[in-house]
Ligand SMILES: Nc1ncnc2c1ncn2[C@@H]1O[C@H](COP(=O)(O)OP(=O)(O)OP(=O)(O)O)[C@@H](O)[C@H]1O
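In structure tokens, one chain follows: the form predicted on its own.
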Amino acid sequence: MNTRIIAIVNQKGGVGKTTSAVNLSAGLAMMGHKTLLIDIDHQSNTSSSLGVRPLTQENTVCQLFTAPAETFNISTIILETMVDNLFLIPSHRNLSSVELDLPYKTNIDNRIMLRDRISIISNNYEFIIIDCPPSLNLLAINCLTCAKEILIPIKSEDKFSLDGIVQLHSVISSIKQNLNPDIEIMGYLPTFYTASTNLAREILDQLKKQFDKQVFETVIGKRIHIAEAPIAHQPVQLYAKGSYGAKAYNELAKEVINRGKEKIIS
């Protein structure tokens, strides 16, 4: 199976990264694609958005980085979710401690631990979606080294949302050169879009001028159902099936699928 591993990353918080990870994954799964969602953010909002209470979980993403390789069984940390075809490796607040300890692991390459552990089961899924931490720390490096494609959410109501892209591009370029030559930016996703504001339109125009066809045609607007769904611990497609948010993220899922097909053809 040609598994597509997609990292959703932006070191700036509040851009819709986790919301997009959850709802894109749900959309792909609902279309019949077996999908694994990995929560690598110690805030555990991705896990919570799928009804998982991270503090009650003994087996979490932390074990990807801490369990001895000779005894580790990755299947013990993969959970079924409320969405058919969607599986989850949940996070835990202890991931922040793992992040602090990771640089001191000198007996292994601490930049590729995630890639090594995920390679065992990657062929079991059509899509693996990684919700990266909102930083460019060693955990994020692991995510980018593991992924084949990158999706970057951009908050269209924040004029500073583009500022960090230069730094992110620099990190991606370094990883591509030194650790993961296959990684590519799949696309930039405008989020929190409000067509009635000049700022949102200006940022979207700037995105399209700068990145052209890499900007998704799907634009995620600022809608109440998208904001409410995580509080209800559900993807928006279950929380409000016929809502704008559900339709928008399903359209994003279709576009992600089609971009993969275009890559194969080209």
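All figures in this text were calculated on a predicted structure; none of them were measured in a lab. Start at 1 and count along the sequence shown; that's the residue number.
Separately, the form predicted together with the ligand exists; it is not shown, and the next lines address it.
Looking at Ala227, you'd find a heavy atom of it within 4.5 angstroms of the ligand in the predicted bound form. Contact between Val15 and the ligand in the predicted bound form is found at the 4.5 Å heavy atom cutoff. Residue contact check for Gly164: none of its heavy atoms lie within 4.5 Å of the ligand in the predicted bound form. Within this chain, Phe192 lines the site of the ligand in the predicted bound form, having a heavy atom no more than 4.5 Å away. The contact with the ligand in the predicted bound form, taken as any heavy atom within 4.5 Å, belongs to Gln43 out of Gln43, Gln57, Thr66, Ser48. Of the candidate stretches 204 to 212, 58 to 66, 219 to 227, 30 to 38, only 219 to 227 has residues whose heavy atoms lie within 4.5 Å of the ligand in the predicted bound form. Along 124 to 151, one residue reaches a heavy atom to within 4.5 Å of the ligand in the predicted bound form: Pro134.
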